[in-house]
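Take a look at this single chain, the form predicted on its own, given in structure tokens.
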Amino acid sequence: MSVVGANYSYWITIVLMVGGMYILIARGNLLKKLLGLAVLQSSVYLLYIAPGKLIGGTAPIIAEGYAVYSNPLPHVLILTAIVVGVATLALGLAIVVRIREAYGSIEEEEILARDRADDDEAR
């Protein structure tokens, strides 16, 4: 089996992580930045869950006939991370709504230009 085929979940994680970071950094639209953040968070979830499941492993309950056990800790931690991620995304969306009400735009350059213009008027 090739290196890529044997570690496909890690390659998918890398592609999602790079894609999420690119969207987060390269885009000026605040909603697209939140989407990039969500993709990046999903890649981190996958990074933690992938090694937690062993092929042929069972739940960590000691019983006769089982020698390989899967670790449940990564899955439990990811449930917490998902809740935090949803809360972060909801807060980000609420802030974007408030920014849209205050500035009339969700484009980063337009918001910064308006802030600069307001600062120049204040001087």
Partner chain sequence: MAATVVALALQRNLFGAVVLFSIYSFLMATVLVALDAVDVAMTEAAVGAGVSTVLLLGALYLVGGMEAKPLVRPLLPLVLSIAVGAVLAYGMQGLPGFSDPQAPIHVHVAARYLAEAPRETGVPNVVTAVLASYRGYDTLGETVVVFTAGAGVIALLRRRKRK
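Residue numbers count along the first chain shown, from 1. Everything numeric here is computed off the predicted structure, so don't read it as measured data.
One more form of this protein exists, namely the form predicted in complex with its partner chain; it is left out here, but the text below deals with it.
Looking at E107, you'd find a heavy atom of it within 4.5 angstroms of its partner chain in the model of the complex. M17 belongs to the set of residues with a heavy atom inside 4.5 Å of its partner chain in the model of the complex. Its partner chain is not drawn, but in the model of the complex it has a heavy atom within 4.5 Å of I23. For the chain shown alone, Y69 is a contact residue for its partner chain in the model of the complex, at least one non-hydrogen atom being within 4.5 angstroms. Contacts of stretch 75-110 with its partner chain in the model of the complex, defined by any heavy atom lying within 4.5 Å, are made by H75, V76, I78, L79, T80, I82, V83, V84, V86, A87, L89, A90, L91, L93, A94, I95, V96, V97, R98, R100, E101, I106, E107, E109, listed in sequence order.
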